[in-house]
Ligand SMILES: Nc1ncnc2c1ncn2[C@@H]1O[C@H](COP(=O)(O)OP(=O)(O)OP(=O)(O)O)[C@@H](O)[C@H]1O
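For reference, the chain that follows is the form predicted on its own, supplied as structure tokens.
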């Protein structure tokens, strides 16, 4: 789907069967929506409801609308019509092919130029500290390389206008750049996170408690400023991590 879409989440019930405090959340292309809450509160369940385009037929009773309408049933069952791509911290490739073979195959299946693989690899290498090469077998890529490659693939080749991300802070990639890349391509980005940098990058964040959408917070200018300061510390930590990964010492870096 190439036309911009609007995603709407219609509230259902929490774990006690009580109506959710938030009735309706609308998300537009280029928006980053955070989902926060304690472990086990139901953040991933909300992601699952969106991924399944729930229509009151999941335990939460939520409904997902596309452009204010119930999506066609085919979108829920036909992979070729899926609107949603998902990135999780645990994904790995199982296909016995090289990076270039995979990307070219995916581009052809989407009716796009197979040479886009070069752009995908270039972008992926901006998100990971471990370079990815065209002739690398998919099965030997590290977790961080795999998720970097899929993030760039979603941005460049995939037509999916909605991207769901589950705790990308643990994915071993440059998380801020990954979110900026996807949102910059006009995707709707919904990210489950415990990370203050990512939570404050979002324009709004849904607070999940006891399985329900309990609140929605709009990120203020002051919070954005806090996020910028935390981001500087986070980038410094990442640089230190790379130095240690290369087997070097950090004396004199601080």
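Positions refer to the first chain, counted from 1. From a predicted model like this one, the values you see are computed outputs, not experimental measurements.
There is also a form predicted together with the named molecule; it is not shown, and the following applies to it.
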*asked:* Just checking whether residue 42 would be counted as a contact of the named molecule in the predicted bound form - the rule being heavy atoms within 4.5 angstroms.
replied: yes
*Give a yes or no for residue 231: in the predicted bound form, does one of its heavy atoms lie within 4.5 Å of a heavy atom belonging to the named molecule?*
no
*Contact label in the predicted bound form: residue 38 to the named molecule, heavy atom within 4.5 Å*: yes
_Taking the named molecule as it sits in the predicted bound form, is residue 60 near enough to touch it, meaning that at least one heavy atom pair lies within 4.5 angstroms?_
yes
*Taking the named molecule in the predicted bound form as the reference, which of 24, 245, 19, 15 has a non-hydrogen atom within 4.5 Å?*
15
*So which stretch, 43-51, 220-228, 25-33, 66-74, is the one near the named molecule in the predicted bound form (non-hydrogen atoms, 4.5 Å)?*
43-51
